[in-house]
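The form predicted alone is given below as one chain in C-alpha cells.
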C-alpha cells in the first residue's frame, strides 16, 4: 500500500527490515490502527516492547508532564526523576541485583555487562550459546550465537566461544579448554529463553549447573533478560527462577513501555569495583525515559499485569495444545512459541489477513507471540478462533 509516508521511508532509509504492508498510525491497549482506518490485534508488541499496552494513559501522562518540565540533561547532574526510576526498578528487582547502570538499548546493555565481567574478573573469554541473540553492535554481536548475523562482519571481537544451548557437558568441556580450571573465562552469557531461535529454554538442572560452574571458576553469570524481563514471563525477572541468581542482568525492550531504554543490574560486589569513568552513556537514564520507566513499573505492579500474564498464558497454552495443527507450545507467560506441524509463515499470513499481528522466528515452524502484558481473554479467543480455521 504505497502512500506518501511509505514512499518517504523507502526513499531515505536503509532497507534493513522487510516490513509488513501496514502503516501503523495509532495504538491503544492491545490494538494498533493503520492509515487506512483498520484495527489490528497486536500479539507482537513491537517485538516484545509494548509491555503496558499501547499509549497507556499513566505512561503517556508521565511522559507529557516530564517533557513539559525537562526533556533531557546528562548524567553530569543529579535528577529526581532518574532517582525515582532507579528506586522503582530496584524495588522490582531481586534484592541481590539493585545497583543499576542505565543505557539506551539491549545491545548496549550487553556490551557493558561484558566489559564489567572482564574488568571485575581480569579475564578475557566470554562463553555464550548457539541460538542466543544479544545484539547487533560489534561487541554484543560477537557474543550472538546465530551465525547468519555474525559471519558477514568477521573478524569480530576476539575471546568469544559458543556451545549448544542446554548442553551442560559441552559447556564444561569449553571451560576446560580456556586454561587450568577455566582460568581465562570472564563470563557465561545466556538468554534464559532464546526467543529468536524459536523460543527455546532448558531445565532447572542446566541453570543450576551453570551457576555452580561459574562459582567454581570465578566467572560472572550474565542473564540477558531483554525479552524475558519486565513481566513477560509472569514475574518481573527470570533471575531467581530455579533458585539461581546471576551476577548481572541486562534489560531493555519493555522497560519504558516503548521509549528506548536499557539497563545493567549488578550485585553489590561488582558495583564496589566500578570507579568514575569506567562506564558512560550520554543519553542513558535521561529524564524522559526515566519518567516512562517509573510509570511502567507502577502500572505493572498496581494493575496486576503479572497476575494477568500468568492467568491468560495458562489459558492460551491449554487451548493451543488442543489444536491439531500445533505440535508444541514453548516458552512462558507472554513469550510463547507455537511450533506447527508445517511452516509457520502460512499461519502468520492467515492471521495478518484476519488483522492479527504475530512474529516468526529462526525456526521456520515456530510462530512467536509477544503481546502487551494487558492482553485479555476476549482477544485471546479471537486469535484462537482464527487459528483454528487455518487449513
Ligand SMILES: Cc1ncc(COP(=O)(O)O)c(C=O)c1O
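Being a predicted model, the structure only gives us computed values, none of them experimental. Residue numbers count along the first chain shown, from 1.
Although it is not shown, the form predicted together with this ligand is what the next lines describe.
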Open item on the list: Quick check for you: of 270 to 278, 133 to 141, 85 to 93, 212 to 220, which stretch puts a non-hydrogen atom within 4.5 Å of this ligand in the predicted bound form?
Closed with: 133 to 141
TODO: Sort through 257, 128, 110, 233 and report the residue having a heavy atom within 4.5 Å of this ligand in the predicted bound form.
DONE: 110
Open item on the list: Give me the residue from 121, 312, 105, 201 that has a heavy atom within 4.5 Å of this ligand in the predicted bound form.
Closed with: 105
Task: Close approach of residue 191 to this ligand in the predicted bound form, 4.5 Å, heavy atom - done: yes
Open item on the list: Can you tell me if residue 47 lies within 4.5 angstroms of this ligand in the predicted bound form, counting non-hydrogen atoms only?
Closed with: yes
Task: Contact flag, residue 227 vs this ligand in the predicted bound form, heavy atom cut 4.5 Å - done: yes
